[in-house]
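Take a look at the structure tokens below, where one protein chain is shown in two forms, each on its own, as structure 1 and structure 2.
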Structure 1
């Protein structure tokens, strides 16, 4: 019994954003059609961060597996990524492990791809300006995906770290956008597509800063108690979530729901339902739309399977004997 082992370098070689967009959109469609098994994330909480397990089975694709991922905000000070992960793929016929791969780059790519899929279905077609609150690794993959699905001219970024903003500008220069370091969060909110990727536990985007017609990818709230947006923004928006169980527990909507500022009736749909054509996406240019992203195991497993298939085709990776 052999296992295919793929390092971070291997995964990076085998996965690009256009491929991730296609694979993740297909996974959301399966989710919308209720063709997946995906228990909600299971958490272990530590003083410094948390550890999560994320299993999934996609029936139509015939793939299954689990991701183990951490979130430790203090890691950059120690030279480590905030988020690190490994993904295991298993045979649905025998349950045998097929592959184990680094999931850190994969996680960044599949989350960026989810934001791209959401923006493609929910943002205005004439969107040209992106505002980004938080300029770390996740902001980069969000922008990579969005520039594929929209003709983005200007990007306004803001972050607590000037160094992070400068690194973002340097790394994203190849996209050909005019990248401007905004003087404030309010300035960054003057945009067509707003992306929030911070770990905060109190709103940093005020209701009055978000103009009509804006689409928001709310990415940072991925654990209980986290929120980035003034709940009043949600009250006047079309809310699209990735998954009911996860979003109500740990997404952008979790605090407003617990505080009874919004109810589950205020949720328009899941992104999968929009992708599958079951529910309509944006209906007017004046509508504010919010995608509440918590990160789904179906994104990880579908993307990991794509990487695995490409590795088999190209002969990349190491074969490890298990027994």
Structure 2
């Protein structure tokens, strides 16, 4: 019995954003049609960080697996990344392990792809200006995906670190947009599509700064107690979540729900229901739409399956003997 072992370099060679957008869109559709099994991610808490396991089975794609991912904020001081992930894929017929691969780049790509799928269904067709709060790793893949689904001309980026903004501008230059470093979060909010990718635990986007017609990808809040948006924004928005159990526990809506500023009746739908055509996406040009993303195992497993298929086709990766 052997399994295919794929390093971060292998995964990077085998995955691009148009492909990630396509497999993640299909995964959300399966989720909307209730064709997946996906228990909410489970957390182990340590003094230094946490470890999350994220299993999923996608019936139509015919694949199952689990991502194991940590978050240890003190790691960089010891020369290690904060977040490291591995994905295991298993055969649904025999349960046999098929592949084990680095999941860090894959996580960034599938998160960007989810933002692209959300913007495709929820942002105005004529959107040309993207505002970005946070210029780190997730910001880059969000923009890569959004520029594929809309004709983006201008990007306004803001981060507490000017160095990070400059790195973002350099790395994203190939996308061909005019990337402007905004002087404030308020300035970045003057846009058609707003993307928030910061780890903050208290709102940094004020209600009055978000204009009618904006679509927001709220990406940063992915654990209990985190939030980036003034809850009053949610009160005047169409709220689309990725998954009920995860979003209510750890998404952008978790704190406003606990504080009873919004109720579960304020949730419009899941993204999967919109992709599957069960619920409507944007219905008018002046509606504010919010995609509350916590990150789903179906995104990881569908993307990893695509990487695995490409690896088998191209002969990339090492075969490891199990027994």
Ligand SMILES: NC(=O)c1ccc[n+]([C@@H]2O[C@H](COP(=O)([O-])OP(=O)(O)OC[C@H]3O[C@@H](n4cnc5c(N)ncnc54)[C@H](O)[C@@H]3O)[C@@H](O)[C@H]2O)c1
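Numbering follows the first chain given and starts at 1. Just so we're on the same page, rigid core means the largest C-alpha set that superposes within 1.5 Å between forms. These numbers were taken from a predicted model, which means no experiment stands behind them.
The form predicted alone corresponds to structure 1, not structure 2. The Cα position of residue 49 differs by 2 Å or more between the two structures after fitting on the rigid core.
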